[in-house]
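Have a look below at one chain only, the form predicted alone, in structure tokens format.
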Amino acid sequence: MSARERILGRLRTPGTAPEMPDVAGWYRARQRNETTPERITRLRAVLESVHAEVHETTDWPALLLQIATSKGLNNLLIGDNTPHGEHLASLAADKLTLIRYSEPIDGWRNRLFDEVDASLTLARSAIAETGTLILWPDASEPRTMSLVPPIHFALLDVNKIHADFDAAMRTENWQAGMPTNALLISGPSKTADIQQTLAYGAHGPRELVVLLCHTGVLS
């Protein structure tokens, strides 16, 4: 029998489907019985190792405004009609100009790319193991907000930090429905040339500022 005949024979003969790997079991055997403070510590360590700026706070609007002032920011892009955006707007007054993402990008593309200093979005959750923020963009906070401005502020409730990727998917029941784009962000944008020289901000924000909120995002 030729090689061709053997291959065609295997294709034509129904075989037994291979056994699916027990992914959940693999993760269960290696799960960490961590407290929330321990997950915070792991998340911070990984994020900071890739040049993200991480702050813990019980008053995120005040801290954000303080950081914005220290960085010399003139404006901040916020989502349209988001609870955290409206909360910041009620407190910012004349301290920082807030720009709402309230119209299609085609009408203000040049302003977005050339004039916006930073953006603020809410992180759905995070993964301690890899130092990853999980964002689920929607019409109010499209993915452009976390990809275009040079500085990205991300709000994260510390109670939504998962130990690993499997825990995030299971706890949040991802199989029940996902957005068109799910973003996993592990530090500021970076790239390297053939000599492995890192450059930040080449394909997205050059700075990622994570605000770990201990009292709820709107507190």
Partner chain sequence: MSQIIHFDPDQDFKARSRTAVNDPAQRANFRGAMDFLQAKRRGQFGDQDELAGLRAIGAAIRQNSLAKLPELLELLEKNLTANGIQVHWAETAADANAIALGIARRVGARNIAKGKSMVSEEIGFNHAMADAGIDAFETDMGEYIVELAGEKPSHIIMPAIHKTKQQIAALFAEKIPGVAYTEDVDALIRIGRQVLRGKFAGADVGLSGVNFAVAETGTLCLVENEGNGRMCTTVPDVHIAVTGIEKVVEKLEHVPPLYSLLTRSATGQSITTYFNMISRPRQEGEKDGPREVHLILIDNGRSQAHADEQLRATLQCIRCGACMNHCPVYARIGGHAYGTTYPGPIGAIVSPHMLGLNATYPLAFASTLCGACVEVCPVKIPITDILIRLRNEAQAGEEQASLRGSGAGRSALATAIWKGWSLIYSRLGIYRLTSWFISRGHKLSPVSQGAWTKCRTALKPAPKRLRDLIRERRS
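Bear in mind that the values here come from a model prediction, so they are computed numbers and not experimental data. Note that the rigid core is defined as the largest set of C-alphas that superpose within 1.5 Å between two forms. Numbering follows the first chain given and starts at 1.
Just so you know, the form predicted in complex with the partner chain exists too; it's not on screen, but the next bit is about it.
A.B. asks: Counting only non-hydrogen atoms, which stretch in 155 to 163, 172 to 180, 35 to 43, 66 to 74 is within 4.5 Å of the partner chain in the model of the complex?
C.D. replies: In the other structure, the partner sits against 172 to 180.
A.B. asks: Any of the heavy atoms of D80 lying within 4.5 Å of the partner chain in the model of the complex?
C.D. replies: Result yes; D80 sits at the interface with the partner chain in the model of the complex.
A.B. asks: Is there a heavy atom of A139 no more than 4.5 Å from a heavy atom of the partner chain in the model of the complex?
C.D. replies: Judged by the heavy-atom cut-off of 4.5 Å, A139 is in contact with the partner chain in the model of the complex.
A.B. asks: So in the model of the complex, does any heavy atom of L147 sit within 4.5 Å of the partner chain?
C.D. replies: Looking in the model of the complex, residue contacts with the partner chain include L147, since a heavy atom lies within 4.5 Å.
A.B. asks: Answer with yes or no whether R143 is in contact with the partner chain in the model of the complex, where contact means some heavy atom within 4.5 Å.
C.D. replies: R143 belongs to the contact set for the partner chain.
A.B. asks: Along 90 to 122, which positions have a non-hydrogen atom within 4.5 Å of the partner chain in the model of the complex?
C.D. replies: Contacting residues: Y101, S102, E103, P104, I105, D106, R109, N110, F113.
A.B. asks: For a quick test of reading the superposition: does G25 move by 2 Å or more at the CA between this form and the one not shown, rigid core aligned?
C.D. replies: Not so; G25 is displaced by less than 2 Å.
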